[in-house]
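Single chain ahead, by itself, as C-alpha cells, in the form predicted on its own.
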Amino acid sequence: MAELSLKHIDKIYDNNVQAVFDFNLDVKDGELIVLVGPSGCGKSTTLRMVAGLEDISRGQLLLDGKDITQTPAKDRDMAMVFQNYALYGHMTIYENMAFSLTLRKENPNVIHKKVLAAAEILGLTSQLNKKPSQLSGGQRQRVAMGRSIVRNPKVFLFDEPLSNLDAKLRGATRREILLLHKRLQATMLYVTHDQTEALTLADRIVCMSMGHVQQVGTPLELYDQPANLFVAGFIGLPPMNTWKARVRDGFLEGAGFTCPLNEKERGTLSSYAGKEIILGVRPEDIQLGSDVTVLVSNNENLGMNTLVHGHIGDASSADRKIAAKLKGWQDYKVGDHVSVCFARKHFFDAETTSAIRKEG
C-alpha cells in the first residue's frame, strides 16, 4: 500500500481563522490511524487536506516520499468513504461500485472481476442488482466501502462513516471495517468523535483538541498514560474522575478526602510537596476500601459491574463528584455511604495540565 507523512500542516481560512495547527504524523504502510476528538477540533479538516478536498495552508504532505501537497485530489490515488454514503440512487449497487472504474474506461471484464471480488469481501454479492434505497444503512455503507476497494487505492480515508447508523449497526460495521483492514493490509486514516471506535479500530490514535494534536499513541498508551488532562478526560468511558488535591506528608488532601500515597507515587510527586495538583482516577480503578467515603446519588447495575455515582464525603458539591465502576452487582440506595480506595492514580500539573511522570 503506502506510507503517508504530514509535516507541519496548518489550515488557515480566508477569514484568518486557523483550524489546524502544526499537524505532524508519519503513517506506516498498512497502518490504521484514527483521528479522534470533539466536534470542531480539526480532525475532518485534516482528513480533507489529505484527500485534496481542502488546500493546505502551510506544511508538506508526502505519499511514499513524494510531495503531493499541490497534487489535485483525483491524482492522489486515495479513496474516501463519507458519512452520508454518497451513492447514486438511480444506479444499481453493481453500477455504484463500478462507477469510478467505468469513468476511467477500464476493461469491462476487469471491472466485473473487481466488483465481484469486493462484493464477496463485503457480503454484497446477492445485493448487486438492487438500488441503494432497498438496502439498510449498514449495507449502504458497505457499498461505499466496496466502491473504494475496487479502485485499489494507496490510502483509504474514512470520514465518520458510522455516525448515521444506530448503535447495533455501528458495532457490526465497525467489526467489518476492522476485518477489512486485516484482510487488505491497507493504509487507512479514519476520523471519528467516538472514542469506542478509536479504541477498538486503531493501531494508533491521534487525539485532537481545538486544532492541536494532544497525543499520538496506541489505544493502550492513550488510555493508560494520557499526556494531559484533556486526553485523560476524553479517552475512557465513563470519563476519568478529576479533583484538585495537595501533596502533604505522604498523602493527597482534597475536597472531602485524604488518601495515602505509595512509595512509587511519593517519588513521582517528590517535587510537588505542598503544591496543588490534579488527581485523576478512572472509575474502573476505584475499589471497595477504607480511604474515601462516597455519598451515593445513583446506582446503575451493568451485570458484571455496577456504576455508582455520588459525591465524596457528605457535601453534594460539583468539585466532589465521583463515578466508580465497582465489580459485581451492587444494590446501593440514594443516600448510602460507601467506602472506597483508589487502586490506580494519575497526576497532572495544576497549571500546565500535563501529566506528571516520574523523573528518570
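Throughout, we count residues from 1 along the sequence that is shown. Predicted model, so just to flag it, every value in this text is computed and none were measured.
A second form of this protein, the form predicted together with adenosine-5'-diphosphate, is not displayed here; the remarks below concern that form.
Peer 1: Which residue, L32, C41, I68, I322, has a heavy atom that falls within 4.5 Å of adenosine-5'-diphosphate in the predicted bound form?
Peer 2: Answer to the contact question: C41.
Peer 1: Spell out, yes or no, whether the shortest heavy atom distance between I9 and adenosine-5'-diphosphate in the predicted bound form is within 4.5 Å.
Peer 2: Although adenosine-5'-diphosphate is absent here, I9 would stay clear of it in the predicted bound form, with no heavy atoms inside 4.5 Å.
Peer 1: Is there a non-hydrogen atom of V17 within 4.5 angstroms of a non-hydrogen atom of adenosine-5'-diphosphate in the predicted bound form?
Peer 2: It does: once adenosine-5'-diphosphate is placed as it appears in the predicted bound form, V17 has a heavy atom within 4.5 Å of it.
Peer 1: Which one of these stretches, 325-333, 24-32, 43-51, 297-305, sits within 4.5 Å of adenosine-5'-diphosphate in the predicted bound form when only heavy atoms are counted?
Peer 2: Among the listed stretches, the partner-contacting one is 43-51.
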